[in-house]
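Given next, in structure tokens, is a single chain: the form predicted on its own.
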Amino acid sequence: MHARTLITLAALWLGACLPEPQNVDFGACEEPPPGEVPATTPTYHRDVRPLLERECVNCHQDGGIGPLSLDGYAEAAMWSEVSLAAVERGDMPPWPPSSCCRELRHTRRLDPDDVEVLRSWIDAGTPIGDEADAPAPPAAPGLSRVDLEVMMPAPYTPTASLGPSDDLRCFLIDWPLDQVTYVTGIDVVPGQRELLHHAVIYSIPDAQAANYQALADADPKPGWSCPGGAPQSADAYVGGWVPGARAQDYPEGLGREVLPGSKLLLSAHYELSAGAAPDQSVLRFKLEDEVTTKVEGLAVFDPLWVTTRDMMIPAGEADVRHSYSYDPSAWFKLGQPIQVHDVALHMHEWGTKATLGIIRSTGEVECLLHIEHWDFDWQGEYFLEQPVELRLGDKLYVDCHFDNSAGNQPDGQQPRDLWWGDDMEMCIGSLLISS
């Protein structure tokens, strides 16, 4: 086992000796004030098209993963009321983090004024307006520079392995560079944009690669089935991608180390409602030889959840809660402060809401990431607008809620007792940190 993983588990085990916090309150989320009604009647070209190009068209276009196209006046007008209803429910754009937890970079949320523009445009009969009034389109998403491209080793045609329309598959990809390199930006170019639902990328050191290669060799198809997603050790994590997210450089000065001889592990979630076709996606990286701040992975979960059935979610229970906290600075950095740059949460289909936060040594609590309405299909990672410092005595805290009632079962199956497992449930907070 990688030394970093042993240290991680040791810290988590020691943290398990501490009393588990219950009912930690991160504060209520107030509804944002309603938007202002536009002073003039919105038109498609002047007002609505810029919103759609900024937040919607990346997915909702011909050949995109979205189920309908909004790329053009006729399409936008046809689906206008459906689009507004999805926005008002909070389903679109898919941006699960709560707006009242912490400021995040690269948000995709429409603000209340944007919603009023859509509503007023529909009420006015979706006028098209003058194309000359349209502002310049937004800059094309992507990295500021692409230094390396690698491809899945062979095309893979997904088949439903989790329910009627989902497939989770892992692939090993050679890392071709023979010197220590720092990843400072990631993009994924799907071979089949309508199929690839999300992707997570890990760096597997040479000493561990043989374990994953054996899984790939044992499967006659490219890669291997990996329902849980991929490695448990947070130090392997490099980055993730979801449709609609704009590929962005990391914040200035940050970089994720990848060693020579490593393998990349691509964990790909395919959604097959549009059918199946061979996919051979491409990974793009912005790289630097040196960085000011080296980031590494850190996880928050109870190790007893992994080795026992302590994370029990009884059949039929509609709201089961599990939480855990520990102080990472005492074990990882010998009491030195830790900077948190990036946060994520992970559960499966039975998750309903989750929080990743800090319990300060003073007893104060701070939210890092809160997702009030969990959706297994829309998981992501989120860079903080400003890094947050952890000091000796502060605890990282993860809190997850699950619904295992009869009305919340994938594919209509009967409720069963659940605990930690690839085909059951998990509760993990993940961070990119520096010292």
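Worth saying up front: this structure is predicted, and the values here are computed from it rather than measured. Residue positions are given as counts along the sequence shown, with the first one as 1.
One more form of this protein should be noted, the form predicted together with a small molecule, which is absent from this view; the next part is about it.
S.K.: For the small molecule, considered in the model of the complex: do all three of 101, 373 and 382 come within 4.5 Å of it, counting heavy atoms only?
M.R.: None of them does, since no heavy atom lies within 4.5 Å of the partner.
S.K.: Counting any non-hydrogen atom inside 4.5 Å, which residue from 284, 193, 346, 108 sits next to the small molecule in the model of the complex?
M.R.: By the 4.5 Å heavy-atom cutoff, the listed residue in contact is 108.
S.K.: Which of these residues, 50, 66, 387, 35, gets a heavy atom within 4.5 Å of the small molecule in the model of the complex?
M.R.: If I apply the 4.5 Å criterion carefully, the residue I get is 66.
S.K.: Taking 4.5 angstroms as the cut-off for heavy atoms, does residue 394 touch the small molecule in the model of the complex?
M.R.: No, residue 394 is distant from the partner.
S.K.: Indicate whether the small molecule has at least one heavy atom within 4.5 Å of a heavy atom of residue 369 in the model of the complex.
M.R.: Contact check for residue 369: no, nothing within 4.5 Å of the small molecule in the model of the complex.
S.K.: Just checking whether residue 128 would be counted as a contact of the small molecule in the model of the complex - the rule being heavy atoms within 4.5 angstroms.
M.R.: Output for residue 128 is no: heavy atoms all beyond 4.5 Å of the small molecule.
S.K.: Find out whether any non-hydrogen atom of residue 59 is located within 4.5 angstroms of the small molecule in the model of the complex, and reply yes or no.
M.R.: Residue 59: contacts the small molecule in the model of the complex.
S.K.: Select, from the options 154 to 162, 250 to 258, 87 to 95, 289 to 297, the stretch whose residues sit within 4.5 angstroms of the small molecule in the model of the complex by heavy atom distance.
M.R.: Among the listed stretches, the partner-contacting one is 87 to 95.
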